[in-house]
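The data below hold one chain only, encoded as structure tokens and taken in the form predicted on its own.
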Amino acid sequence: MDLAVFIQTCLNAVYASSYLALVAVGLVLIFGVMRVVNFAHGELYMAGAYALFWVFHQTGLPFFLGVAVAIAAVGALGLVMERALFRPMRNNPLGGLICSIGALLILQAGAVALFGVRKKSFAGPYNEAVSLFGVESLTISGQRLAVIAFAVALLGALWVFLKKSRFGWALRAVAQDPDAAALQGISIGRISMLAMALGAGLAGAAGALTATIVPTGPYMGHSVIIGAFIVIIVGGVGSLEGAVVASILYAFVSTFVTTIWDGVVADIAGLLLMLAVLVARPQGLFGRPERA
């Protein structure tokens, strides 16, 4: 692999890690507060892509307005899921998991009914290739740069929210010890709604930002949710920092293996990465070992 191909592959990996981090961080937020393994999270990513397709491609409104609408709409969908599905199953983790699988199937069926099975491909507003370092062979599309920039901005805003705001402190408190948080007057129900809205909104943002790059279809969430689960296991279940670092690690491994061999070998490499981390550090890179 020559230097130009190496740098180009690194650029592709940075792009892949940016949207994967949005999905994984949202999944960690939901699990950390609600203790629910949301298998429908990939379908929230898909819903964000379809929201952008309708707002930007169908109605002709500005791209970033479409992204904002996707975040708001998918966040609202997350609120509905929390109230209708997950809250009644708060003390039944298995029931919550089954409800998430049901939501997965419902969202897929709804997408098929509204948009059909056929995948939608449409161009974004920033398709021009951008040369880096003045080298014509090192290029990245403006659309991918927009994904990277937007992902960094969203994750940075989330970090500030969690560290500096009262609601962020409450969310972290509930994630660490819900019983102690409730004794301090924190409403578990409201914080669960907040976590679900934020997590769903991040997944919707990832779907909207990548909708003009990858084909939009009812089953596009499958590969993303598999990658997100690998990421949160590698990073440490419940660790937001671990999800970001593991997203970068997983994306680089997957992208380089795909470039050298193919996508099937890359999927195997991702699973082997997860297995290696679990053998060496069962709690994940940033996870805390459970006390006996």
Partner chain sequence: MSGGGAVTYTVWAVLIALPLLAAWLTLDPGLGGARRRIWWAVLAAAGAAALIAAPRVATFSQQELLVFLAINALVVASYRLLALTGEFSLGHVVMMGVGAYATALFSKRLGVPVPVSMLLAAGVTGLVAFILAFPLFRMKGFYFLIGSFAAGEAIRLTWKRFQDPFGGPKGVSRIPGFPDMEVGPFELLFWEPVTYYYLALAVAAASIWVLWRIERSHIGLVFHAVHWQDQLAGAVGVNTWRARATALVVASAFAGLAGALLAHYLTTVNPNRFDVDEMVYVLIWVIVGGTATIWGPIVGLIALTAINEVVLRDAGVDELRPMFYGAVLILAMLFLPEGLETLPRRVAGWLGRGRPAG
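Positions refer to the first chain, counted from 1. In this text the structure is predicted, and so the values were computed from the model without any measurement. Under this definition, the rigid core comprises the largest set of C-alpha atoms superposing within 1.5 Å between the forms.
Just so you know, the form predicted in complex with the partner chain exists too; it's not on screen, but the next bit is about it.
Segment that reaches the partner chain in the model of the complex - one of 245-253, 229-237, 65-73, 48-56, heavy atoms within 4.5 Å: In short, 229-237.
Full three-residue contact with the partner chain in the model of the complex, heavy atom 4.5 Å, for 95, 99 and 264: Each of the three qualifies.
The partner chain contact at residue 268 in the model of the complex, heavy atom, 4.5 Å: Answer yes; at least one heavy atom of residue 268 falls within 4.5 Å of the partner chain in the model of the complex.
Heavy atom of residue 156 within 4.5 Å of the partner chain in the model of the complex: Close contact is absent here: in the model of the complex, residue 156 is far from the partner chain, nothing within 4.5 Å, heavy atoms only.
Interface membership of residue 275, the partner chain in the model of the complex, 4.5 Å heavy atom rule: Yes, contact at 4.5 Å.
4.5 Å heavy atom contact, residue 129 to the partner chain in the model of the complex: Residue-level check for residue 129: no, no contact with the partner chain.
Contacting member of 160, 109, 149, 182, with respect to the partner chain in the model of the complex [4.5 Å, heavy atom]: Checking each option against the partner chain in the model of the complex, the one that comes within 4.5 Å is 109.
Position in contact with the partner chain when the complex is considered in the model of the complex, options 189, 215, 88, 142, heavy atoms within 4.5 Å: Contact check passes for 88.
Residue 277 C-alpha relocation of at least 2 Å between this form and the one not shown, rigid core basis: The answer is yes; the displacement is at least 2 Å.
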